[in-house]
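Starting off, we have a lone chain in the form predicted alone, written out as C-alpha cells.
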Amino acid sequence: MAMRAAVAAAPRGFRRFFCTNTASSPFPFVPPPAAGATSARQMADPNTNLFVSGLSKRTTTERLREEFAKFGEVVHARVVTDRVSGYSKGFGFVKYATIEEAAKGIEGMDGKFLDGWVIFAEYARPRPPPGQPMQNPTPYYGGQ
C-alpha cells in the first residue's frame, strides 16, 4: 500500500524506477545470454598459466600459492597489488608445472571461496608483443 502511494506521489519521470511491468517500461529488461551461447570474449588456449580473478583485498601471494598447490606443483604465483596501498587489485596469476595440473587447478578452484570471496580461475591469455595495439573483442562505449 505504501509503495502504491509512493508511485502515485512520484513525478512522471520517476515512475519508471518503481514500475515492475517491463512491457510498459521505456527500458525493457534484456536477459543475459544463455550459458550455451557464444560470448564476445574468446577463451584462451590451454596453458600452464592461470588468471585468477575475484580475489579479496586481503589475499596474499602466499595464500594464493598454498590454495592452488593442493591441485599440483605451483611454479609461480603472484597477486597483483596496488603500488600505494599494497592491497590486492583483485586478480593474480598462478603458473603450474604441467597443463594437466593447470586443468585440475581450474576445476578445483573456479567458483570456490578464498578469504570469503568467490574466485574465478581460467587460462591466461598471452600478452600481445610490445608495440602492437591491444585487440579488444568488445567495443568501447560510444564507439561504432
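Numbers for residues come from their place in the sequence shown, where the first is 1. Just so you know, these numbers come straight off a predicted model, no measurement behind them. Rigid core here is just the name for the largest C-alpha set that superposes within 1.5 Å across the two forms.
What comes next is about the form predicted together with the DNA, which does not appear here.
When contacts are judged by a 4.5 Å heavy atom cut-off, residue 70 does not count as touching the DNA in the model of the complex. A residue is said to contact a partner when one of its heavy atoms sits within 4.5 Å of a partner heavy atom; residue 55 meets this definition for the DNA in the model of the complex.
The closest non-hydrogen atom of residue 60 lies beyond 4.5 Å of the DNA in the model of the complex. Taking the partner from elsewhere, residue 80 is found to have a heavy atom lying within 4.5 Å of the DNA in the model of the complex.
Taken together, the three residues 65, 100 and 112 all stay farther than 4.5 Å from the DNA in the model of the complex, as judged by their closest heavy atom. Contacts of stretch 111-130 with the DNA in the model of the complex, defined by any heavy atom lying within 4.5 Å, are made by 117, 122, 123, 124, 125, 127, listed in sequence order. Relative to the superposed rigid core, residue 70 undergoes a CA displacement smaller than 2 Å between the shown form and the other one. Superposed on the core, the two forms differ at residue 84: its CA moves 2 Å or more between the shown form and the other one.
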